[in-house]
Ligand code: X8Z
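To begin, one chain is listed below as structure tokens, in the form predicted on its own.
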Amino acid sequence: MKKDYSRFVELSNKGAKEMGYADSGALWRAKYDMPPDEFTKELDRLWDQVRPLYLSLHAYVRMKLHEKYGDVVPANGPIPAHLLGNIWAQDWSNIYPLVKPANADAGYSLTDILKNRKMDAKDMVRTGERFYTSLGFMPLPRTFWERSLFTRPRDREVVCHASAWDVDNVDDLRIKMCIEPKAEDFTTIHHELGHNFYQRAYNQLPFLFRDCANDGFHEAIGDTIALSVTPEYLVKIGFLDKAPDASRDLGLLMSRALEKVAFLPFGLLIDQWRWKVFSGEITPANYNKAWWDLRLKYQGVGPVTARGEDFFDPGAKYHVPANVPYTRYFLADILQFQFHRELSKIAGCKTPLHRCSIYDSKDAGMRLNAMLSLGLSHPWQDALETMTGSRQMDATAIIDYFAPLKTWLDEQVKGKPVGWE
């Protein structure tokens, strides 16, 4: 694959230059309504905002892994990537049992609730739809229920990875998902429907504007709604009699941090590597070294064994050979918390940010729809201002959201090494 990829880079750059760009990386960055170099600086600024939180999580996880595996995990160096429970070390959720705080039990099992209520796939989707209609959005069209795929077919193989579709760019909305009665799928439904309601919000615009403000927005909307799947929300819809007390919050926050915070540097470095490849700063002779250098710089992880240039480890990430831009996922991780913080204020939420749910707030729904309905007709800065009152992406919302966990993490690693350089 390495030889084919280097040839692809040549051809891609040739096309970009014929369009007036320095290289394909500059072409990608140019779509963000700001000069390509300024966008790169914007990403650096956002990473600087969240890096202290990541460092605290990294130091704590490294300490727990060191206690478990001994010197295989250095006390003050990078974490061996293969011990983080994910092939790319981009999501650390699988090591939650090893690093969870004491008294981390959430106090309920959403999976058990779904099973005890005997909810089938459509019941779960209708519950997700009611979240959006509680905000003032119109119900999904009849064709959504007729044409979507909700369960795994018995007569054929399908790709069960959840996705949302707008087949005619007007109102033929669908999801494709093999739904099971479990907490992960319940939250995913709320996320996927975010795409559908976004697609519908801009469906009256001229065709070329029927898209999101920038490619981070579409992912961020569904994730914003998913952040509202809180214990308080489950109480409002009758799934719980009362929300667990605040003593359970550390477990909830740790679980989410292992997914959201752990992902941030990985979401950033994929395109950092590709942009340097496109610009020629990284050549085929050092593809793999540069890949692991960036993983060390941003993630603080290293390979389990030496990885020479006879390997092409970037190619193991689907988005690299498929040429799918990845910065959108980093931006979505930033934007969803910024959106959630603002909408929670509008909804009049009085609980800590991580317990807020905007369910049943028509005011929050009006603000959300005002942004969604702009589609791609305005620069993303205009759309962001419509939602938040600010024209600048702001990662301090993540810091606010995880503030109780950050305080706890810093207490746990007090006197321990932080960082890996």
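A residue's number is simply how far along the shown sequence it sits, counting from 1. Predicted model, so just to flag it, every value in this text is computed and none were measured. Rigid core: the largest C-alpha set superposing within 1.5 Å between the two forms.
What comes next is about the form predicted in complex with the named molecule, which does not appear here.
**Q** Going by heavy atoms within 4.5 Å, which of 121-129, 148-156, 315-323, 240-248 lines up against the named molecule in the predicted complex?
**A** Flagged stretch: 315-323.
**Q** Only one of D211, E219, D166, D185 gets a heavy atom within 4.5 Å of the named molecule in the predicted complex. Which one?
**A** Residue within 4.5 Å of the partner: E219.
**Q** Ok, F339, F263, F197, F278: which has a heavy atom sitting within 4.5 Å of the named molecule in the predicted complex?
**A** None of the others qualify; the residue that does is F263.
**Q** Taking any heavy atom pair closer than or equal to 4.5 Å as contact, tell me whether I113 reaches the named molecule in the predicted complex.
**A** No, I113 is distant from the partner.
**Q** Would you please decide whether H161 lies within 4.5 angstroms of the named molecule in the predicted complex, comparing each non-hydrogen atom pair?
**A** Yes - in the predicted complex, heavy atoms of H161 and the named molecule come within 4.5 Å of each other.
**Q** Does any heavy atom of D271 come within 4.5 Å of a heavy atom of the named molecule in the predicted complex?
**A** No, D271 sits far enough from the named molecule in the predicted complex that none of its heavy atoms falls within 4.5 Å.
**Q** Does any part of K100 reach within 4.5 Å of the named molecule in the predicted complex? Heavy atoms only, please.
**A** Answer no; every heavy atom of K100 is more than 4.5 Å from the named molecule in the predicted complex.
**Q** For 60-99: residues with a non-hydrogen atom within 4.5 angstroms of the named molecule in the predicted complex?
**A** If the 4.5 Å heavy-atom criterion is applied to the named molecule in the predicted complex, 60-99 yields only Q90.
**Q** Tell me whether C160 is among the residues that move between this form and the one not shown (Cα shift of 2 angstroms or more, core superposed).
**A** True for C160: a C-alpha shift of 2 Å or more.
**Q** Would the C-alpha of K176 be classed as shifted by 2 Å or more between this form and the one not shown after rigid-core alignment?
**A** Shift at K176: 2 Å or more after core fit.
**Q** For N196, state whether the C-alpha moves by 2 Å or more between this form and the one not shown after rigid core superposition.
**A** It does, since the N196 C-alpha is displaced 2 Å or more between this form and the one not shown after the core fit.
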